[in-house]
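Okay, here we've got a single chain as structure tokens, the form predicted alone, with questions on binding and movement later.
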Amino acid sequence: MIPLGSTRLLRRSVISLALAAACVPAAFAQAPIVIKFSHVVANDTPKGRAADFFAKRAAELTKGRVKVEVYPNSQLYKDKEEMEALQLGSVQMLAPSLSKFAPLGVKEFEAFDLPFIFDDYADLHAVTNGPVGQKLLKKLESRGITGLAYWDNGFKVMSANKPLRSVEDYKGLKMRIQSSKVLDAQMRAVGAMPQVLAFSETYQALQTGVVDGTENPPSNLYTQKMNEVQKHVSVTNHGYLGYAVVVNKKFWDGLPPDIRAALTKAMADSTKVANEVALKDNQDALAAVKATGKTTVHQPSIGERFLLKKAMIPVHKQMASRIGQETIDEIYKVTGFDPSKL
């Protein structure tokens, strides 16, 4: 026979274990959904700041049900590794440059590399915020990727150690580009010799004369100190650099609808921040380059920019079979651009 005191103690233990067991599912239910957001740039960049803002905003709008862990500076995956990691589900979110989607077989994204395809931010955002931009993102779904938003880096300027005022000034110059068939054709259109180099190697290549010049948004030029080894900058705004924020499709589709709605709102808020920061950073960077007094900044006249545009526009036709004439025509329709008028 079990003593009365022992019986009571046993009953209390059983009740305590039952209560603890009942609480286990609730504890697990309260565990936040973790989103690993990997990117390859520093925190103090438009992309880095927007990613951090998204993490904060996502936590606010989901009331802590989602935790976004941001991994900057290739802490998780390098530039060439991150896309595969996303497709495998090793990371849930990325913000790669638009040029990264062509190797996946979605070459329509190379339209963003075309010179003078956008005259200004109004043209650009009419595409990225409209049906054409959404149609392009939709093409990623067959690769297991869902596109959420476009984030700006900015429009590019040209730099060299000689003034770049006319088309003839580019002839014979070795100009650094990122790997892109479109950018290769763009430089050749003005008689320059394109040189594909890693971004991290560009400063030294300019310093040692391996290349004569390059193209970059002003913020890239200034933060990488390229202006220290480039005597002239021409604010051509001839091309665009941007990112697409993407998420693993299986992960995204598996989220509760209310969580997905909250994250969509957080992304919209973050996109506004990203684009505002990019615009200001580029304006500040150009002012800073001017302030050094070591680099002459030239603002092309309407006539100079028209002639440069006229020289580069044939690249649109050259690349049509690669990118798709339909995509190019859709962008023309949105922006109102008519190449026959050049």
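Source: prediction; values computed, not measured. Residue numbers run from 1 along the displayed sequence.
There is another form of this protein, the form predicted together with (2S)-2-hydroxybutanedioic acid (LMR), and it is not shown here; the text below is about that form.
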* **Per-stretch contact check against (2S)-2-hydroxybutanedioic acid (LMR) in the predicted complex, the hit in 236 to 244, 104 to 112, 122 to 130, 138 to 146 (non-hydrogen atom, 4.5 angstroms)** => 236 to 244
* Asked: What is the one choice in A311, V41, V70, L286 with a heavy atom within 4.5 Å of (2S)-2-hydroxybutanedioic acid (LMR) in the predicted complex?
  -> V41
* Which listed residue (Q186, S270, N248, N220) meets the criterion of a heavy atom within 4.5 Å of (2S)-2-hydroxybutanedioic acid (LMR) in the predicted complex? -> N220
* Asked: With the cut-off set at 4.5 Å between non-hydrogen atoms, does S159 touch (2S)-2-hydroxybutanedioic acid (LMR) in the predicted complex?
  -> no
* Asked: Hey, in the predicted complex, is K100 touching (2S)-2-hydroxybutanedioic acid (LMR), heavy atoms inside 4.5 Å?
  -> yes
* Given that the partner is absent here, does Q178 sit within 4.5 Å of (2S)-2-hydroxybutanedioic acid (LMR) in the predicted complex, heavy atoms only? -> yes
* To do: Give a yes or no for F199: in the predicted complex, does one of its heavy atoms lie within 4.5 Å of a heavy atom belonging to (2S)-2-hydroxybutanedioic acid (LMR)?
  => yes
* **Residues of stretch 68 to 87 in contact with (2S)-2-hydroxybutanedioic acid (LMR) in the predicted complex (4.5 Å, non-hydrogen atom)** => D79
